[in-house]
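Before any questions on binding or motion, here is one chain by itself as structure tokens, the form predicted alone.
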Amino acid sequence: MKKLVSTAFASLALFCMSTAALAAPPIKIGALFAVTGPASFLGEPERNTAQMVVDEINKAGGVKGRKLELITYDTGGDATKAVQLANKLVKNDQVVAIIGPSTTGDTMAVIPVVEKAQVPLISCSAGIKITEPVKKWVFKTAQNDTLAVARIYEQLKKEKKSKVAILTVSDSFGSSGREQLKAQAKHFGIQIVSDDTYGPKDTDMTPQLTKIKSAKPDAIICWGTNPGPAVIARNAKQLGLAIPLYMSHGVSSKKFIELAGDAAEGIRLPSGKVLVADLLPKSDKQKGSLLAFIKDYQNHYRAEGDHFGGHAWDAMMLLKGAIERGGDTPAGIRNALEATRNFAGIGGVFSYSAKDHAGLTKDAFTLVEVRKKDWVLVK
């Protein structure tokens, strides 16, 4: 009889705990993405992926029995709007963490907001200034442009190409890439023979390419996000430039191939492994996560999961792990994020620390080339 009573009390206690967990309010996560505007090719897959991951977490029972609520706002790629929406997430929605924004400019604008409010932010943007110097409440999942530049220069050095022309967009992403291209050139024995820029809304870069042609570089490196790089690819083809053309990781999705058309053939760029996941060896630590992400995205949206959606997948999964380990307060999440080690995600294998809130090494990048409107690995 005594044993029966004890069992009954234990069952009742378990029932009460489960009921309490289910009755608890959801954990609110904020998201800022450029779903509309020129950067929508970044923000749309990020928004889709973040919601997909949250739905799957909730379907599986939530985090420690509590559901997640994703509150997403569209910045339109406007830094002023991004700041307003970040304040809304913090003050009105009272989120415990924010993922995004999609662009470096938007991210740099909202950093003072999250730092003041002491709410952890996981940016999906690439600019190195986001996490260098380290900011207590700011992390990122997009690979740093410094790693992307190193991957391109390594290949050029391997092919004994030492003279390059750089053509960068005049926004935060382009400026950050230009700084890295110039800063790392000497280390790899690279001479920059032409250094030019273009505007984010420019529709013809023939004058810059004509100038570059006269400088006779061994390769051209363009740093920007769509649609500018696609215009440059088409202009280069129209001019008959037979010079290897490299792009940044800012265009690593099928959207670039679609925009550039036949002019994309032969163009190379550093990218996360998601573009070539099926070509990776079974021993690759990321392969399982990559294939699962691609399959899930295809099932949900009838489209291929890409490099940019992967940034949001990593951000949500890193947050999930941080909440499981550190609790649901902003400080607990921040501390758990900083303690993350060897998380094999879509963008690479992440290990954050007090001195590194980007968390990736150059192994996060692979070099790909466009062939017959698809991607192949450059070996």
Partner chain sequence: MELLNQVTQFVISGLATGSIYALIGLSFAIIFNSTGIINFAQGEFVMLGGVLTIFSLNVLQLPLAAAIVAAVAVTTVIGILFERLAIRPLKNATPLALIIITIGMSILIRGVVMLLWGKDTQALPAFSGTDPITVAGATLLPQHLWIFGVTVMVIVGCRLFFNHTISGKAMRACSFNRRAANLVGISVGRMVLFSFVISAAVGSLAGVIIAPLTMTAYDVGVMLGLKGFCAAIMGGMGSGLGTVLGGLILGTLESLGAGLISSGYKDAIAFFILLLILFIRPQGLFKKGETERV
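Under this definition, the rigid core comprises the largest set of C-alpha atoms superposing within 1.5 Å between the forms. Predicted, not measured: the structure shown is a model, and the values here were computed from it. Positions refer to the first chain, counted from 1.
Another form exists, predicted together with its partner chain; not displayed. Remarks below refer to it.
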item	value
Proximity of L156 to its partner chain in the predicted bound form, heavy atoms at 4.5 Å	no
Q118 within 4.5 Å of its partner chain in the predicted bound form, heavy atoms	no
D204, heavy atom within 4.5 angstroms of its partner chain in the predicted bound form	yes
Contact label in the predicted bound form: P227 to its partner chain, heavy atom within 4.5 Å	yes
Heavy atom contact within 4.5 Å of its partner chain in the predicted bound form, the stretch among 119 to 127, 104 to 112, 135 to 143, 193 to 201	193 to 201
Listed residue (N92, S214, N299, S283) with a non-hydrogen atom within 4.5 angstroms of its partner chain in the predicted bound form	S214
Interface residue in the predicted bound form among T72, Q208, S175, T131, criterion: non-hydrogen atom within 4.5 angstroms of its partner chain	Q208
Neighbours of its partner chain in the predicted bound form among 213 to 240 [non-hydrogen atom within 4.5 angstroms]	S214, K216, P227, A230, V231, R234, K237, Q238, L239
Rigid core superposed: L209 CA moves 2 Å or more between this form and the one not shown	yes
Flag for V96, CA shift 2 Å or larger between this form and the one not shown after aligning core	no
